[in-house]
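Next up: a single chain in structure tokens, the form predicted alone.
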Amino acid sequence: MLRVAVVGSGPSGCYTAQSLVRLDSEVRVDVLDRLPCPYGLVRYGVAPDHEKIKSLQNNLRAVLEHERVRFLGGVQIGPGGVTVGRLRELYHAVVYCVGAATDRHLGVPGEDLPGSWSATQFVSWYSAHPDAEDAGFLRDARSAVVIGVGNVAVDVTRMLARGLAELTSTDMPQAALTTLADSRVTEIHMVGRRGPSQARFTTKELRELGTLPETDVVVDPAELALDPGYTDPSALPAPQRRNIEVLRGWAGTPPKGAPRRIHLRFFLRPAELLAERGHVGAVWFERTVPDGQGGVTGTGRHEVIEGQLVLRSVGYRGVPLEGLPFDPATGTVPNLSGRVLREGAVAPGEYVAGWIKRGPTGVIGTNRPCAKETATSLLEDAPVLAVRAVPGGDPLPALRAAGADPVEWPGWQSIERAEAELGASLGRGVVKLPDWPSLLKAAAGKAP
């Protein structure tokens, strides 16, 4: 019987556990997570108003409730917790599904000014991630600039334009709900350095911007016309062609004078964030044009867009985990079909799946075949792994001895009950607990 530790309880971790128990009738899997709550970015990355996507938690729940799968939350792997080496001693195999935990940087002057944040920091705040803080994102902000044209950029743009009535029914923490409802931001600029045919948002996400009450969507037809795909959309793949059609419709529709405006801008590359009284006040962009090879080149012409809040949404990046090899060029752990490579050779019993394996690409469903490939590799190695001696019986006492204090599944269920009770007390549905103390008290069955 193989004992496997899966580090990370997001989609890639849950799909890995699911593949393992489906493909092997005896394997037992412990799914470990640093947080006391499961589901990773499905809980802390999917926008609160996307209930259909968030319902994927029900599928992941079924995996974690499998009789041969156990959830152990609140377990830190690495410095300050259970080391990679100790974890490897306790299990026949370990699969790391730790995602891409940081954001890419713009690399321009002024990026670190107060008021300039990664989109992930903003998302974590309104999603009640326990590591997030209320950093006064919207304090004194009248205009916001979102740099990037992917789905996360669309999400944060939409959250900035939502009103109280639309957000009350979500599981957003009460403090974030109140802050967003009181926001004075009326101008939101979502800006991409390339054209709409290279944008990474999906048509479904894009169209949602046009359904927001009391909000105009403004598109400059001259910027669309710079894109070769705009003049000949028939040459584009279907998703990009649909995006162009949506943007073309908005460009041909005069604004109605709504109290909020979303400006979708293209072919503008951030060159510098400009300060105003020690705080970001605007972004200086360089106009770009297509270079004929799928990229863009600068023109030397510039434009300033006002924004007291700047959210950078230009991609994710993996970070090293002490004890594992790491390729800084790709932000991934070197691997062969999920098998970790140390100095070019397969490291027996160590595996990766998800973004730390392949980089931050694809959608949630992309993790399923990725996880299955890793699980298949692991089980192909089972004859070698099974002969390796590991401590007999349950690894949980040894994890506790190594400094962990795991939140098991009943503890997570207690958190769920506490969040339902909190929502009921506020006249809302489920409302997330926003910080470590309240989560851990709830996990222990105490009132937050």
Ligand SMILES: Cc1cc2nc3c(=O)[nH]c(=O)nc-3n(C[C@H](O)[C@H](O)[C@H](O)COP(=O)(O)OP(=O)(O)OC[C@H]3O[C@@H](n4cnc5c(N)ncnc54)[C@H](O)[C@@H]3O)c2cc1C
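Numbers for residues come from their place in the sequence shown, where the first is 1. It should be emphasised that the depicted structure is a prediction, and the values quoted were computed from it without experimental measurement.
Heads up, the form predicted together with the ligand isn't pictured, but that's what we're talking about next.
Think of it this way: in the model of the complex, the ligand has a heavy atom of just one of 310, 98, 378, 188 within 4.5 Å, and the residue is 98.
Checking 233, 334, 348, 362 against the ligand in the model of the complex, a heavy atom within 4.5 Å turns up for just one residue: 362. Listed stretches are 417-425, 22-30, 47-55, 404-412; the contact stretch with the ligand in the model of the complex is 47-55, by a heavy atom cutoff of 4.5 Å. Using a 4.5 Å cutoff between non-hydrogen atoms, residue 68 does not count as a contact of the ligand in the model of the complex. The ligand is not shown here, but in the model of the complex it comes within 4.5 Å of a heavy atom of residue 34. Using a 4.5 angstroms threshold between heavy atoms, residue 321 counts as touching the ligand in the model of the complex.
Not displayed here, the ligand is approached by residue 155 to within 4.5 Å at the level of heavy atoms in the model of the complex.
For the partner-free chain shown, 7, 8, 9, 10, 11, 12, 13, 32, 33, 34 of 1-34 come within 4.5 angstroms of the ligand in the model of the complex, judged by any non-hydrogen atom.
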